[in-house]
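Take a look at this single chain, the form predicted alone, given in structure tokens.
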Amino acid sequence: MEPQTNGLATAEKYYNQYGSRAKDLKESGKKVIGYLSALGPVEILTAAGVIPLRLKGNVSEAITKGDAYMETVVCPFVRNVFDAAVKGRYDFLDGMVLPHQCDSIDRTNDVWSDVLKLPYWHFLNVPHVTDDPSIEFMKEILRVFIGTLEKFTGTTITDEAIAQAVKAHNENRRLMRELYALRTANPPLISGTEMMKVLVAAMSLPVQESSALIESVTKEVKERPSSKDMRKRIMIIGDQIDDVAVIEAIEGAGAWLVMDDLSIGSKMYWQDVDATQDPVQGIAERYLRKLKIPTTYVADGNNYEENLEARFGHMKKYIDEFKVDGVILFIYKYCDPYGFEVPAVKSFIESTGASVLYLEDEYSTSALPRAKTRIEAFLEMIA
């Protein structure tokens, strides 16, 4: 493990050189498996002895090769990452795991597999409801996944190895929540831009190195001198926003981004895997019941209002805890799961008293100037 002496500088390095650590580990003999969303079962990948790498695209680079294989109505994030892969950005991958999550992933699984021709490929058939039969089904598909990894790696993945991986990833989540807590201060001890770089860097590292990075950043920002730079406090909601461009647009307009409900952010770190006798049981329950993503239907209430509270109640807690003044819903074009939820989540958040701005945009900086203008107007409105 590389020593962590300057956390923010290390985060900056791995943010700018995304995937470089995984590539180095591949050259040392490790296998690297890519995954595309919050449904990537990192505990099982870690237990298998491979390096999990969450894939990202490049919002500053035009899609020039991917569209030869993939229709343009596909989610711009999926298209951008696929374009990066076609261009060779992830040529060090040994394989990928894609989940049954949305049409843009489900309908392009064969395209990814046929074009990239990686040694290992697995489609994880995740259900979309969370009742007990679905948990049992989820456990079975995870066991199938474990079996394919064992065959590929030549390593038996024991329950003990899975339990140890669960413990390591739960510790990683705990450390990240501690870092998030430093954003409750006014002003926050770490900016939204810095936090985004930490989140992106952390998802590119093996879990132990990721934890060391987070600890180092936390120690560093705690030692900063106090500031009096008071600004409006914003929360952002969306899927895989993994570039500082949007965050810089918000903070450059004179606000602090103090919290998120993103699939590389709080969604990944707020819910642990329960320690269960069968560790696969705890993993199945976390990914199916605890992750608050729009492709999983959780009906925990007796009526519509109670179901809204079950689905979005955590957002209300974030707004209170992080003293949020305004919320930005940043939804990618053609992302139907998130798009369908906009009316419900918007009205739910407004019921808390927080102002809401809904933006539908691309996974590209080319469209950002228009969004930036609306962000500036929104901040003036809540000033």
Partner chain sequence: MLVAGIDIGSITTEALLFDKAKGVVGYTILQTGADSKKAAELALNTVLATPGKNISDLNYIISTGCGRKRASFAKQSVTEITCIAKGVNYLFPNARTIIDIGGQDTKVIRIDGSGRVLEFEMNDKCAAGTGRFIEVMAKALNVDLDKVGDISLGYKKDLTISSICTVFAESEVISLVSEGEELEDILYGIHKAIADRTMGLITRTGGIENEVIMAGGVAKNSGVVKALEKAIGAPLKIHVEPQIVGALGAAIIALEKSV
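Computed from a predicted model, the values in this text were never measured in an experiment. Positions refer to the first chain, counted from 1.
This protein has a second form, the form predicted together with the partner chain, left out of what is shown; the following refers to that one.
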Checklist entry - in the predicted bound form, which of the stretches 59 to 67, 32 to 40, 312 to 320, 342 to 350 has residues with heavy atoms within 4.5 Å of the partner chain? => result 342 to 350
Checklist entry - in the predicted bound form, do 370, 374 and 381 all put a heavy atom within 4.5 Å of the partner chain? => result yes
Item to check | The single option of 50, 357, 331, 354 touching the partner chain in the predicted bound form, heavy atom within 4.5 Å | outcome: 357
Next on the checklist: Would you classify residue 12 as touching the partner chain in the predicted bound form, given a 4.5 Å non-hydrogen atom cut-off?
Outcome noted: no
Next on the checklist: Just checking whether residue 362 would be counted as a contact of the partner chain in the predicted bound form - the rule being heavy atoms within 4.5 angstroms.
Outcome noted: yes
